[in-house]
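First, one chain by itself: the form predicted on its own, in structure tokens.
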């Protein structure tokens, strides 16, 4: 499976850049926050709080700490939240200079994820904004289907 450009950028991004960003916003770089950022940096697809907790070294922090940290990191624009329609928020690291905008194709059987870099909705988004006199319009779009492995 091809790794999209934004995911490759995440892998190259140094954690020192992220920690400088936290310091720049007068936030402490706690051990759990640094561990969460490292886990997200290494993972190619959005993760739930529980998946992050499972990937965390034992005894490093509790699930409530992860929920609080993810809320803070999202507020700071360091992670982006995705909703795949199953009631669980998923988070992905936003690379430096990246707005994090992309879409996903999710398998409804195995929950596999394919990331889609192209976005054909920008023109439609502009028309909708102009027609309704809105500014700063954005969108979220996820596609759902059955992957080739689950079709067998």
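Note that the rigid core is defined as the largest set of C-alphas that superpose within 1.5 Å between two forms. Keep in mind that what you see is a predicted model, and the values were worked out from it rather than measured. Residue numbers count along the first chain shown, from 1.
Absent from the display: the form predicted in complex with a further copy of the same chain. The rest refers to it.
Undergrad: The chain here is shown without a further copy of the same chain. Which stretch in 66-74, 114-122, 49-57, 35-43 comes within 4.5 angstroms of it in the predicted bound form, by heavy atom distance?
TA: Careful reading of the contacts points to 114-122.
Undergrad: Answer with yes or no whether residue 29 is in contact with a further copy of the same chain in the predicted bound form, where contact means some heavy atom within 4.5 Å.
TA: Contact check for residue 29: no, nothing within 4.5 Å of a further copy of the same chain in the predicted bound form.
Undergrad: May I ask you to check whether residue 62 falls inside a 4.5 Å heavy atom distance of a further copy of the same chain in the predicted bound form?
TA: Output for residue 62 is no: heavy atoms all beyond 4.5 Å of a further copy of the same chain.
Undergrad: Is there any non-hydrogen atom of residue 94 lying within 4.5 Å of a further copy of the same chain in the predicted bound form?
TA: Residue 94 lies outside the contact set for a further copy of the same chain.
Undergrad: Going through 132-152, which residues have a heavy atom within 4.5 Å of a further copy of the same chain in the predicted bound form? Please give them in sequence order.
TA: Contacts from 132-152: 132, 133, 134, 135, 136, 137, 138, 139, 140, 141, 142, 143, 144, 145, 146, 147, 148, 151.
Undergrad: Answer yes if the CA of residue 134 moves 2 Å or more between the shown form and the other one after aligning the rigid core, and no otherwise.
TA: After core superposition, the C-alpha of residue 134 moves 2 Å or more between the shown form and the other one.
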